[in-house]
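Here's a solo chain for you in C-alpha cells, the form predicted alone.
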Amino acid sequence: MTIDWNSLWNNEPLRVFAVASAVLALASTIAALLRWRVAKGQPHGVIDNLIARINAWWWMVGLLGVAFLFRRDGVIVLFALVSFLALREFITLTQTRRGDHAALAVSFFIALPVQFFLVWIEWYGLWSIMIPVYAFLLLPILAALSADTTRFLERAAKVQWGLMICVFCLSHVPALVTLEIDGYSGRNLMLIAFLIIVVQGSDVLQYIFGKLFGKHLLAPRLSPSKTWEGLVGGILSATALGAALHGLTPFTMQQAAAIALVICLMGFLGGLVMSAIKRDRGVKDWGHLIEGHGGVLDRIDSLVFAAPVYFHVIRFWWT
C-alpha cells in the first residue's frame, strides 16, 4: 500500500495542522534552548511562562486536529465540551446559593446542549436568540421561585453572564461551519483556523512584545503584565499575520487584515473584562486544568469576545 502524499498535502485542514505542528516544534526547540542557555536549567519566570504557553498550544492544536478529522460534527462536539468546562470554571468561582440550583441545572443540562444542538441543525433563527432572550428570562424566574432573595440580583446576573460568555459567545465558533459562502463550499473549517490562529497568536505576540519592549503599563489594576508596547506590537503583528493567512479565507488580503485587526482588539478587550472578573473574585487563574497555565477560560477569554463579532461580520458581508 502506497501513500498518496500529494492527496494528503491537498487536504487543507491537514496541511494547516502540519504547518502549525511544525511551528510549535520550532517554538518548543527555541524554548528548550533558552532554558538551557539563559536559565541554565533553573526556574525562570519569563521562559517558564513561555514554555507553558507553548505546551497549552500543543494541547489546543492537538484537540483541534482531532476535531477537524471529524469536520463539522467534530468541531461542534469539541466546542460543546469546552463550553461545559468553561461554564463549570465560571460558576465555581462565583458565589451561589441553594436557590440557584434549578437555574444552574437548566444552564448546564438544558441550555448548553440545546444551544449546540441548534447550531448542529443550523437553526440560526433560534440559536441566535435562545440564550440572550429565553434563557435570560427563564433563569431569574427559576431563582425567584426558590423564594431566596438574598443578593438576588447579583446571583441572577452571575448565572446569566456565565451562560452568555461560556456558552452563547463560544457557540459562534462552531457556528462558522454552518455559513454558506459563494465559492467557499467545504472550506469553512478554515474560518475557524483563521480565527483561532490570529486571536491566540495576538495573545502570544502581545506577551512577547511586552516582555521585550514593554515599559508603560496599560491597566495595572486589571492585568499588571499588559503594556502599551505589547498591545501595539502584538496587535499590529497579528494583523499582519491575518493578512498573510488570507488564502485560508474568502477575504482579500486587505479584508483579512481589517478583520484580523477587529478580532484582535475584541480579544484584547475580552481579556481585560475576564481579568476584571478574576480580580473581583481574588484569583489569578480561572482554574488549573492546563498544568502551569490556568484553566480553560484563561486560554479562551479573548476568543469568546472575538468569535461573535467575527461570525456576524462574515454572515453580514459574505453570505
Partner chain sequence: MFEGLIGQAIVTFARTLTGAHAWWRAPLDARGKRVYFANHNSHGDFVLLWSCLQAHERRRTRPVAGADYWNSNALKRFVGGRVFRAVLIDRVKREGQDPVGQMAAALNSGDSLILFPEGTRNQTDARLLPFKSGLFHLGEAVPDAELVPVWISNLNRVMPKGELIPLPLICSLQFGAPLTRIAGEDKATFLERARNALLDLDPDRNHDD
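Everything numeric in this text was worked out from a predicted model, so none of it was measured. Positions refer to the first chain, counted from 1.
Only in words, not in the display: the form predicted together with its partner chain, which the text now covers.
Visitor: Using heavy atoms and a 4.5 Å limit, would one call residue 120 a contact residue for its partner chain in the predicted complex?
Guide: It does not: once its partner chain is placed as it appears in the predicted complex, residue 120 has no heavy atom within 4.5 Å of it.
Visitor: Contact between residue 35 and its partner chain in the predicted complex at 4.5 Å, heavy atoms?
Guide: Heavy-atom contact with its partner chain at 4.5 Å: absent for residue 35.
Visitor: Would you classify residue 104 as touching its partner chain in the predicted complex, given a 4.5 Å non-hydrogen atom cut-off?
Guide: Yes.
Visitor: Using a 4.5 angstroms cut-off on non-hydrogen atoms, would residue 44 count as touching its partner chain in the predicted complex?
Guide: The answer is no: residue 44 has no heavy atom within 4.5 Å of its partner chain.
Visitor: If we take heavy atoms and a 4.5 Å cut-off, which stretch out of 106 to 114, 121 to 129, 169 to 177, 206 to 214 is in contact with its partner chain in the predicted complex?
Guide: So the stretch in question is 106 to 114.
Visitor: Report the residue, out of 84, 152, 184, 228, that has at least one non-hydrogen atom within 4.5 angstroms of its partner chain in the predicted complex.
Guide: Flagged contact: 84.
Visitor: Let me test this: is every residue among 246, 249 and 254 within 4.5 Å of its partner chain in the predicted complex, going by heavy atom positions?
Guide: Result no, not one residue of the spot touches its partner chain.
Visitor: Taking only heavy atoms into account, state which residues of 78 to 110 are within 4.5 Å of its partner chain in the predicted complex, ordered by sequence.
Guide: Counting only heavy atoms within 4.5 Å of its partner chain in the predicted complex, the contacting residues of 78 to 110 are 84, 88, 89, 91, 92, 94, 95, 96, 97, 98, 101, 104, 105, 108, 109.
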